[in-house]
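One chain comes next, on its own, written as structure tokens: the form predicted on its own.
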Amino acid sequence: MLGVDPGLTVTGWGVVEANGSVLRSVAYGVIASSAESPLPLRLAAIFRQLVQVIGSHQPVVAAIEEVFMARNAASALKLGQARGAAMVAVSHCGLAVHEYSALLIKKSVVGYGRADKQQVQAMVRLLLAMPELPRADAADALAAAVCHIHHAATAQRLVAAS
């Protein structure tokens, strides 16, 4: 399960494996780019590096954080472009993409939709039995993966019950 937290300057990614109710972090990291780099090169880096991550770790599905409407329309547009590059990379590799709001991701991991970054980092570390806190952007990506795992398991139980 691949989680992605898109951003133009920093895109977080994380691969989580589920064995029943036991979750573990397989790998995680960030794709960073300089604000001085031209936009097309930054978007290409997101695409290229996510394709490499998928090739290395072979996840079968991906979860990505939805765009929220920021106060600044230009910032929201740039975030949308980074998110688009990430979604194209994931789709290019043949993975299904599931989208979740930041509120739902935080609620799934922390139990509170308005949790701050430090709370998400701490809960991701706890849920995945990690020895250290992951960087905030990587923690958000791991949280997206955990959110999808929880929601997919619930959906499977509902189908089985009906």
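Computed from a prediction, not measured in an experiment: that's the story for all the values here. Residue positions are given as counts along the sequence shown, with the first one as 1.
We do not show the form predicted together with another copy of the chain, though everything after this point is about it.
Asker: Can any non-hydrogen atom of residue 47 be found within 4.5 angstroms of another copy of the chain in the model of the complex?
Answerer: Flag for residue 47 set to yes.
Asker: Although the partner isn't part of this model, could you tell me whether residue 60 comes within 4.5 Å of another copy of the chain in the model of the complex, counting any heavy atom of the residue?
Answerer: It does not: once another copy of the chain is placed as it appears in the model of the complex, residue 60 has no heavy atom within 4.5 Å of it.
Asker: Is the gap between residue 130 and another copy of the chain in the model of the complex 4.5 Å or less for some heavy atom pair?
Answerer: Because no heavy atom of residue 130 falls inside 4.5 Å of another copy of the chain in the model of the complex, the answer is no.
Asker: Though only this chain appears here, would residue 126 touch another copy of the chain in the model of the complex if you measure heavy atom gaps against 4.5 Å?
Answerer: No - in the model of the complex, heavy atoms of residue 126 and another copy of the chain never come within 4.5 Å of each other.
Asker: Give me the residue from 103, 97, 26, 136 that has a heavy atom within 4.5 Å of another copy of the chain in the model of the complex.
Answerer: The residue in contact is 97.
Asker: Would you give me the residues of 77-106 that have any heavy atom within 4.5 Å of another copy of the chain in the model of the complex, in order from first to last?
Answerer: 77, 79, 80, 81, 83, 84, 85, 87, 88, 91, 92, 97, 99, in sequence order.
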